[in-house]
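First, one chain by itself in structure tokens, the form predicted on its own.
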């Protein structure tokens, strides 16, 4: 084996190609938001734009175009839809708020209206529904808490009941499920740990037990899976890693192997990142790959906040302004 430097052994992030991939996804169709399926455009816009910001390239898109499109997705209820003409949902409402936060445009919102929409989705037991149809999931608890925290109006909900509900979804393995008794899953764990972190309730987490469950997600290739016996997937670089950082157990995994796994999932020619090496790339995994590398302090990527899933400078701007 030739004596190559460590960095070339670990591979390189082809950041410029990822930027071009995201912008090409914009040009191939009418607009940036068409990156993913029609009803999910708001999420796709959040993934793509946050990736651009982490790579310090947010200036390559038209802020006015994006912001005005986001506002066309708002309903009279105050909530946002995944696209113009669709029904509002808490999922898309957070993505819309995060996009406006990236551009420092939260001031164009009627915060009272949006926060009332979110707060109105809390149920008697402290859980949250995703929309008027009533599906309940700890993802929605996280989204509500994250959203209201960005607006600095957590007092609009019963935080204590919200926390109690999340704690009721904790399992014997230290993890969390989508509802009480549901199996532990890395994505749900991120939601529950993130919500507990934002509300200052991490004492409810058994950090050693959960940390052990999470670091067991690392497989031979260095990648992480979401549950035992599953294949590794780049998106868990975010869900597992952010959770480990929030509970201060990230030193329990092999970071260098995870960096290599993420870099191996890049399309070196056309940009974009896939779920695992040699699969087709998409905007979702491109975001989670770059966000994972940010958490791993990979050079040239802005720091991302593990609880809010937005760049640290954006969160600081929000939290430290009156």
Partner chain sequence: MHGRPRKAYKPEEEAASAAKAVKPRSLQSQFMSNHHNKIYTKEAIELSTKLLEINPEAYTAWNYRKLAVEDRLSRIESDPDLVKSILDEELVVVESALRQNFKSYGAWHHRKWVLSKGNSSIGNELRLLDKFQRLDSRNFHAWNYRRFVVELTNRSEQDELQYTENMISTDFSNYSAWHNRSVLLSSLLARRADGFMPNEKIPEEYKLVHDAIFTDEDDQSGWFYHLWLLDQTVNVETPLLISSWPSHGSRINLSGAGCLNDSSSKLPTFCFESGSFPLILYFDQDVGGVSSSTVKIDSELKGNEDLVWEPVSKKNSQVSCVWVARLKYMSSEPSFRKEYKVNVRIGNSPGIVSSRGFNFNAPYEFVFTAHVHDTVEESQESIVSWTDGFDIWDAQSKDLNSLVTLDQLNTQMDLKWRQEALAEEIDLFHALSDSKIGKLTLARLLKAEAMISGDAVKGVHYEKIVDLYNDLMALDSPHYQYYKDEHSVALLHKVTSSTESLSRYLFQYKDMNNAVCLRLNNLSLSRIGSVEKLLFVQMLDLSHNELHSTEGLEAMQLLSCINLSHNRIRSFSALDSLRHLKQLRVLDVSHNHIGKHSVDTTRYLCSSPLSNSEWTQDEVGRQMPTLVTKYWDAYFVFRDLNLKQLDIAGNVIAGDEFSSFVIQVVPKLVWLDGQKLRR
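Numbering follows the first chain given and starts at 1. Source: prediction; values computed, not measured.
Although not depicted, the form predicted together with the partner chain is the subject of the following passage.
Heavy atoms within 4.5 Å of the partner chain in the predicted complex belong, among the stretches 107-115, 120-128, 166-174, 94-102, to residues of 166-174. Under a 4.5 angstroms non-hydrogen atom cutoff, the partner chain in the predicted complex lacks residue 74 among its neighbouring residues. At a distance threshold of 4.5 angstroms between non-hydrogen atoms, residue 278 is in contact with the partner chain in the predicted complex.
Remark: residue 79 does not count among the residues lining the partner chain in the predicted complex, judged by a heavy atom distance of 4.5 Å or less. Contact check for residue 307: a non-hydrogen atom falls within 4.5 Å of the partner chain in the predicted complex. Using a 4.5 Å cut-off on any heavy atom, the residues of 183-208 that reach the partner chain in the predicted complex are, in sequence order, 183, 185, 197, 198, 199, 200, 201, 202, 203, 207, 208.
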